[in-house]
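Shown below, as structure tokens, is a lone chain in the form predicted on its own; questions about how it binds or moves come after it.
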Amino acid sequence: MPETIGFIGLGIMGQPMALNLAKAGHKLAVYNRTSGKTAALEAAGARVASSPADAVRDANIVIIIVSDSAAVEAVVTGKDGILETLRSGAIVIDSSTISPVVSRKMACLAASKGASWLDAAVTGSKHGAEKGELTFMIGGDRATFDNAMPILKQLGKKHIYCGLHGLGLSAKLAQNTIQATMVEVFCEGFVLATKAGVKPEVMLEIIQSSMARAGITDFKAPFIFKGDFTPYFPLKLMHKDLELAAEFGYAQGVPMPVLGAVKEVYMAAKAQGKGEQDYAAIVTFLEELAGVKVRT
């Protein structure tokens, strides 16, 4: 059944997600801080809104996917933010990766307007968003989760309910800690092997024949070998997520020594100007230090 949807954030993930909803026949109003990113949605029949408040004015479903906690707070509570026009009974699905504490605060503010809030962090990168095959990690009221499923199913292939508000984001930060660390240590190992004289394709065959094999490195290896760091997920956003995970770990009293080291590698690569590239570009930071390139 077609819904009236306000969609805020048309970046690498948001634009293909919104396009999938437009193609499914929903009545869409979209807002993006940079107006140039709205052209594809307008061509698909969406109304381009002048502000977040304008985007959600008539919406039963609101979807937000922006860069960080500050951006979510601005979209919700800032001038012309969604709280000005959010309808009672609306469901807000926030797929931004932000602080669980901030997300819980936003859930309370939405509740003050009679609306429901889900933190619905995603994984699956740009290609998953384009294909409608994302995996969602969701926190919030279970009944709201069930009511949002018809829309969520048009955006993703797997929807994992994690518990109450903030727990979807808690799971996402843990997942990105693991994923970022796996890619970084994969790059360390391949730089070491290449420096010693082992060809990258030979090393990949060894890894894929061992217990060290992982889906994320199977996916990233061909791009690394070609030196293609077109962003599926920008390095600067992965670094932001690692910072959030470190803060959250501290708040939970969880020691995370490996995260601390990996986070600094991503920070150094970002400081070198690699932030807009895919986070697999972390290999180039290591290559430059070692004086070797992992290329086939």
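Heads up: residue numbers just count along the shown sequence, starting at 1. Not measured: the values here are computed from a predicted model.
The following text describes the form predicted together with another copy of the chain, which does not appear among the structures shown.
Novice: Check Asn147 for me: does it contact another copy of the chain in the model of the complex (non-hydrogen atoms, 4.5 angstroms)?
Specialist: Residue-level check for Asn147: no, no contact with another copy of the chain.
Novice: I'd like to know if Ser116 sits close to another copy of the chain in the model of the complex, meaning any non-hydrogen atom pair within 4.5 angstroms.
Specialist: So Ser116 does not count as contacting another copy of the chain.
Novice: Can Ile160 be called a contact residue for another copy of the chain in the model of the complex at 4.5 Å between heavy atoms?
Specialist: Yes, contact at 4.5 Å.
Novice: Is Ala261 close enough to touch another copy of the chain in the model of the complex, meaning at least one heavy atom pair within 4.5 Å?
Specialist: Yes, Ala261 lies within 4.5 Å of another copy of the chain in the model of the complex.
Novice: Kindly indicate whether Glu188, Ala193 and Ala290 are, all three, within 4.5 angstroms of another copy of the chain in the model of the complex, using heavy atoms.
Specialist: Every residue of the candidate spot has a heavy atom within 4.5 Å of another copy of the chain in the model of the complex.
Novice: Would you kindly say which of Leu86, Ala221, Ile207, Ala107 lies with a heavy atom within 4.5 Å of another copy of the chain in the model of the complex?
Specialist: Checked against the cut-off, the match is Ile207.
Novice: Identify which of Ala40, Ala70, Met267, Met256 has a heavy atom within 4.5 Å of another copy of the chain in the model of the complex; exactly one of them does.
Specialist: It is Met256 that has a heavy atom within 4.5 Å of the partner.
Novice: Hey, of 208 to 216, 74 to 82, 87 to 95, 221 to 229, which bit sits against another copy of the chain in the model of the complex at 4.5 Å between non-hydrogen atoms?
Specialist: Looking at the other structure, the answer is 208 to 216.
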